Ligand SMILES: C[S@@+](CC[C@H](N)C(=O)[O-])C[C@H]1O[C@@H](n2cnc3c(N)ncnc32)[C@H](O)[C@@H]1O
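The chain that follows stands alone, in the form predicted alone, written as structure tokens.
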């Protein structure tokens, strides 16, 4: 019988992305970083299988350290980099994003799509800042409330799964309090939840319902994922992922 963490990772096997995102939003966020070095040193935290990592490699002449704590996705990233002939520009690194053993002041840009919530928004802004060169940039996506007076079932879900979720304005205030200037922010389009994430994830849910029929523990993980998808389908106007781009002061 698989442990629940294995069921969770199996759900995400083969997905183009491990969270909401899209190439257009990566391009837009990067355009807010001006001026930027010709060949920036970039730290991609919570890189997953590297959808945004390869966008960054395509859009810049920089080098990228791609951090994740799940070796199979790093192996996928490494293999793709080799196929594309850019292995010399991308360094996969297996590490806990809350305890990265990296020298201070090494990076021009820190990038993190759909991952800063793991350590917490404020903590990530505070602790990752030491890795930036003076005046360096950080670009992160974070779930945020877009409207007040959320429906009860939606609020209960987020309060259980991620009680630190708050409004866009509250996150902007936190950015300034942690010593950054705000270069820009925008909400990801709803398509970024579906095209490379929820649509293939929901297909995995259907497959795993059959595979684990009768296994209540495994099915609890599968059905929790379906609940998340269903709530987004119903209530996406109330919350979203927001790209925040900032510069260290």
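From a predicted model like this one, the values you see are computed outputs, not experimental measurements. Residue numbers count along the first chain shown, from 1.
The same protein also has a form predicted in complex with the ligand, omitted here; what follows describes it.
- In the predicted complex, the ligand lies within 4.5 Å of some heavy atom of residue 95.
- Contact annotation for residue 144: none of its heavy atoms lies within 4.5 Å of the ligand in the predicted complex.
- Interface residue remark: residue 52 is counted as part of the site for the ligand in the predicted complex, having a heavy atom within 4.5 Å.
- Of the heavy atoms in residue 114, some are within 4.5 Å of the ligand in the predicted complex.
- Exactly one listed residue, out of 191, 69, 31, 63, brings a non-hydrogen atom to within 4.5 Å of the ligand in the predicted complex: 69.
- Contact with the ligand, judged by heavy atoms within 4.5 Å in the predicted complex, is confined among 83-91, 162-170, 106-114, 129-137 to 106-114.
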